[in-house]
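In structure tokens, one chain follows: the form predicted alone.
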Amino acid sequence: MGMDKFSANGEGKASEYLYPPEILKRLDFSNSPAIFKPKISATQPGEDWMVVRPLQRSDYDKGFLQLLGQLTSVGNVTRKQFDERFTQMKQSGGYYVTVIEDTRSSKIIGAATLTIEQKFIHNCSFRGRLEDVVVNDTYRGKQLGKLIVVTVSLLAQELGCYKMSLDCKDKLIKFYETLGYKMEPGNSNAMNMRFDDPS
């Protein structure tokens, strides 16, 4: 099951993605130190009812905000607010919210955000930040946390980031270490993954 199947919503209108979904097809999961058993990837997530894709404007109706509510306080975000923020993020660029959808129920069951900072250092390179990683509690055991983090990490590399950073709780350090992140010495729970210098 690929992403092609989901280029249109139920009414036949083209879905509006936050970023071009074709980028996800270019990710090479063999570049990640993460071990998947069985092997899965963004294009082959392991179940034919799952799809990994960019956030869509229509995900307001697919439980995206409710999923984020399992992670932190979201507030009472109206459709108008959601639409405005989606438009702002898309227009400004640098925001890559990636989701996993259960197409049987049309619900978002996993999500992670890559934000890209433009730098002068490292030959005017980019730095990625991993934010807002969440997987629906009822889908544990399907490697989805690992899948969404590796997808977004490889996405950062594909987009030319020299480094990917995150902040995490103590209990998650070992999890992120298995995915290639390392503790930043002297900086509490800041973890980084460095890529080859794109220059």
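As the structure is a prediction and not an experimental result, all values here were calculated from the model. For every residue, the number given is its place in the sequence shown, counted from 1.
What comes next is about the form predicted in complex with another copy of the chain, which is not displayed.
Across the options 62-70, 140-148, 22-30, 43-51, residues that bring heavy atoms within 4.5 Å of another copy of the chain in the predicted complex belong to 62-70.
Although the partner is absent here, K37 lies well away from another copy of the chain in the predicted complex, with no heavy atom inside 4.5 Å. Within 4.5 Å of any heavy atom of another copy of the chain in the predicted complex lies no heavy atom of S105. When another copy of the chain is considered in the predicted complex, E177 lines it closely, a heavy atom lying within 4.5 Å. Under a 4.5 angstroms non-hydrogen atom cutoff, another copy of the chain in the predicted complex has N189 among its neighbouring residues. Contact annotation for 144-180: residues with any non-hydrogen atom within 4.5 angstroms of another copy of the chain in the predicted complex are S153, A156, Q157, C161, Y162, K163, M164, S165, L166, D167, C168, K169, D170, I173, Y176, E177, L179, G180, listed in sequence order.
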